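Next up, structure tokens for two forms of one chain, structure 1 and then structure 2.
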Structure 1
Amino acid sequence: MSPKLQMFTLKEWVAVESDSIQPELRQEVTRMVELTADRLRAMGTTVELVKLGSHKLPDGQSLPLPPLILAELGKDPQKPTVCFYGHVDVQPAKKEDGWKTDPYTLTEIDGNLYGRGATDNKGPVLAWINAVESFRALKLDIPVNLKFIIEGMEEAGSLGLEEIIKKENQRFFSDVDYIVISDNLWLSNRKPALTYGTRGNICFSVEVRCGERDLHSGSFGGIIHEPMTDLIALLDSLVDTSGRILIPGVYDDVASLTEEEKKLYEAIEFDLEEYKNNSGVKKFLYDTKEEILSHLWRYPSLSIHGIEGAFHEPGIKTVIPAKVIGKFSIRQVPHMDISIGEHQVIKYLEDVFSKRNSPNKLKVSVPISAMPWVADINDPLYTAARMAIKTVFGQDPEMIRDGATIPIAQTFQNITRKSVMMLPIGAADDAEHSQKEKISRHNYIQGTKLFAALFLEIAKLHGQLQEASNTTTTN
């Protein structure tokens, strides 16, 4: 497929406001899933749109989930089967958030393609499709059978997906050999990477309520316990100024650092100044490569994301909000446990709250959670990817983990028992979830080539593996 057409399709995809978080945009997510299904059908893929039902919002409203795409192309028993997972929903984005370009109009500036979803994850999903398409355009045999699992709820916690994976384990996944995800970034702006682990996440909502209605701060300020004051105190009790989580027991199950693992960190090329520049933040909590990478990959972190119900618009509104909901999450690492983490946090918040002698109502809930994931880098799939990277980029990849979460990665591994790998094509400065999300034209095109090279390497390696197992069985 010509680069021009590749750009055109990405532009068309980015134009769909497929934000899975805001309920009023849910139809757009469904439209995006259908557009993706059309694109897959156009290249001869058999597509099944699986209904996922609906889910309940915190206010009790029920909202339909977008369908899930299960698709396949090729069923040659001689070929290995590679299943690609990706998502076509995006994080929320508004021009007023501080975007320099319209987030839903893919805009090229100096070789970079800016837009919501450009790198997370529409660009990589399309790069994979483009790679398949290029074999067809050149009338070349695709050396692997392909399966696709594309969802529209990743940014909301992959709702409904685990159930389908369990259900489809004996059918859709039965002949899958390898699962590839491309939904994260390199560690550097230039050097390619291969990812073998991600953190998990537990998301918490902390609601504090005093009554039914907001109140005038002149008429009631000074005579009531204000929910916002309680909430700020609760949120402020979670981490100290050095980033250490203050919840008792949180670090108890964190895997201990081995000498072998320490060496892995030492060997990694990491440009701290570049990483800082990408963030726009001048000073980090840590100064060394080892500390920074280990605190992103193998130690938990706690982030406060927002407060619902608080007045946040410009100007002054002299109000006492009656109900506020604080949102924070803990990125978990091996061998932390989700339900233990949930209990620790709930108990701690209740203790802190009880010391305040507030008559307000406290309610803590866990809307979504996901396990951390770690894979075996000695798996043949990683060998194939290294070769493909070497072919396309002329260098070996950095072997990395990622601080973010692919909610379904560990579920894939646990349920299907297949090899799972993350092969990113976006660069470290792609600003996922941020106001200047982009993918570079270079990475988008090279990423397409990388996926095509991966098909060839997997086929080669699979052939060798089969030959080796045939000789052992005949001997």
Structure 2
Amino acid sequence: MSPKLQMFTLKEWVAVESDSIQPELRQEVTRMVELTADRLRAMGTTVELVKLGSHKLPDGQSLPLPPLILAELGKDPQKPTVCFYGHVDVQPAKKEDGWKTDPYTLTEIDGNLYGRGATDNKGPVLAWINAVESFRALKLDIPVNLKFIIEGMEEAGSLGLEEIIKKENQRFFSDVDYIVISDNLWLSNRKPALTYGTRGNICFSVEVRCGERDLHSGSFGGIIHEPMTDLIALLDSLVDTSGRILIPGVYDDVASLTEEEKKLYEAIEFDLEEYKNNSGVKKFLYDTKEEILSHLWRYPSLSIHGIEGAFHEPGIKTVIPAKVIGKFSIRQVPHMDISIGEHQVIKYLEDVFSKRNSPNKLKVSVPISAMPWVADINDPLYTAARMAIKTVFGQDPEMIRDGATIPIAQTFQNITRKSVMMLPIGAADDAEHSQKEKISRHNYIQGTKLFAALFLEIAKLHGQLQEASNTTTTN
């Protein structure tokens, strides 16, 4: 498949406004899933569109979920079976949000392909499909059996996905040997990476309510306990100026840094200035490579995301909100227990609130949570990926974790008990979720080659393992 045709198809996919967050765009998400299914069928893949039912919106409206794709190509019992996970829904995007280009028109500037979904996750999904098609175009035998699980609700929490994985564990996943996810980024702009861990996430909602309606600050300011004042005090109590979480017990189950892990961090070629430039931030909380990476990957962090109910339009509105809701999250690391973390946070906030002697009502809830994930870097799947990266990029990959949360990795590992790997093809400056989301032409094409090389390396290594196993059995 020529680079020109690859770009054309990515342009078609990016043009679909498959925003799974906005209810009014749900039909576009479904259309995107169906387009993907058509593309898979066109290369001879058997495709099943699994209905996921519907879900209720906050206003009580019931909205159908887009179907889930389960697809397979090849059933040779002598070949290993590789399953690829991806998603074709995207985060919301509008030109007026600050995009220099139309977010739904793939636009090439200086070798970069800008558009919503270019790197998260339409580009990598297409690169995998292109890799499969390259074997067929060259009339070469595909060295592995392939399966696909592609969804349209990842950005909205992968509604219904876990139940399907459980249901299909003894059928669709029964003959799968390896699962590959390509839904994250490298650590740098130039050096490829393999990801072996992610942080989890617990999202909290903190509601403080005073009365039933907003009040005029001229009539009531100074004589009531204002909900916003209570909420800001609560949020301010969560973390100190050095970024350390102040909730008692949060760090109790965090594993100590081992010498092996420390050496792994030391070996990584991490450009601190490049990372700052990618973020647009002038100064970080820490100054060394090791400190930055450990606090991104293996220590928990707390981030405050917003306040619902507060006036946020231009100008001034002298109102006292009757109810405000603060939103924050804690990125968890392996060994931290979600249920214990929830209890620690809720108790702490209730204690802080009680000391304010406020008559307002406090309600703390956990709308969503996800487990952290870590894999064995010595697993055969990682060995095959290292060889494929060396073949395509001419260098060894960085072995990295991801500070973000990608729940599907832990879900696959827990339910299927298969080898799971995250293999990113996007660079650190791809700006997923932002107004500058892109994938470079170079990474998109080389990523396609990488996936093709991975098929070959998995087949080779799987054959060696089978031969070694047969020899051991004979002896």
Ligand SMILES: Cn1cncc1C[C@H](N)C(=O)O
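Whichever C-alpha set is largest while still superposing within 1.5 Å between the two forms counts as the rigid core. Remember, predicted model here, so these are calculated numbers, not experimental data. When a residue number appears, read it as a position in the sequence of structure 1, where counting begins at 1.
Comparing the two isolated chains, structure 2 is the one taken from the form predicted alone; structure 1 is not. A movement of the C-alpha atom of residue 141 falling short of 2 angstroms is seen between the two structures when the two forms are aligned on their rigid core. Put the two forms on the same core and the Cα of residue 359 is off by 2 Å or more between the two structures. With the core held fixed between the two structures, residue 303 has its Cα displaced by at least 2 Å. The Cα position of residue 222 changes by 6.1 Å between the two structures once both are aligned on the rigid core. Per-residue C-alpha deviation between the two structures, core superposed: residue 368, 2.4 Å.
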